[in-house]
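The form predicted on its own is given below as one chain in C-alpha cells.
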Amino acid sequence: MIGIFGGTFDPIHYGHLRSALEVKEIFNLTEVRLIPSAQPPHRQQPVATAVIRLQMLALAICDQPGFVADDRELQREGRSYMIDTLRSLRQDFPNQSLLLFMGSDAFNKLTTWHHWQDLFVYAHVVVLTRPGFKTQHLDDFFAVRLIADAQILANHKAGRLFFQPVTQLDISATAIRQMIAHGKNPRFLLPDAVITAIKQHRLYQ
C-alpha cells in the first residue's frame, strides 16, 4: 500500500511529518509520497515557489526510509488538481492500494474539489482525526464507502473511506511564517535543515 500526502508545505513542519510517520506504521505502508501542490486550486499561491517548497520537503525527509518527495505536480501545467495526481499515480502503481490522506478540515470541504467523486475511483480516502473524534452524519455517497476495518484497505485498490486517529501536533505553516516575519525562532517546530533553507532563501521575512 502506498500513502499519499498532498499539501502546499509552505513550509513543511513536524505536524506534517509526524502524521505521515504514524500512518506509515499504522497501515504498514510500502512508502509515503509527499506531493507539494504547485498551483493550489483552493487557496492563495504559496509564499515560497514550488521548487523551493520541494527542496525543503526533500531536506526534511532525506533520512526517513520510505518517504518520497514526489514532484509530479511541478511537472504538470495548470492547476494542481488531486484527481489528476491520483490518475497519474494509478498509472505508475496499477496494482497497489493507494491511500489518500487528508485532515478532517479538508474532508469537510471535499465536495468542493474538482471531480471529487472520482477520487474514490483511484484511491481510498483516509481522514486523519484527533483521538476521540466522532464521525458526523455522512451523506449516502460517503456512508456506503465508509469502513471500520482497516484491513479492507489492503484488500481493495480504491473506493473506501476510513477515519484514523493520529497524534495531531498543533503546528501551522501560517503561524511559522508569521513567527519568522516577526523575527522569532521557529526551532523545534520544523527540521533544522528546513530552517537553514528558509534563511538561505530569505523566506517569510
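Residues carry their position along the shown sequence, with the first being 1. Only a predicted model underlies this, so the values are computations on that prediction, with no experimental measurement involved.
Note that the form predicted together with a small molecule isn't included here; everything after this is about it.
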Looking at I83, V121, A106, L74 here, can you tell me which has any non-hydrogen atom within 4.5 angstroms of the small molecule in the model of the complex? A106
In the model of the complex, the residue from M179, L138, I171, I152 that sits within 4.5 Å of the small molecule by heavy atoms: I171
Contact stretch among 7-15, 193-201, 180-188, 21-29 - heavy atom within 4.5 Å of the small molecule in the model of the complex: 7-15
Does the small molecule get within 4.5 angstroms of any non-hydrogen atom of H156 in the model of the complex? no
Is M102 close enough to the small molecule in the model of the complex to count, meaning some heavy atom within 4.5 Å? yes
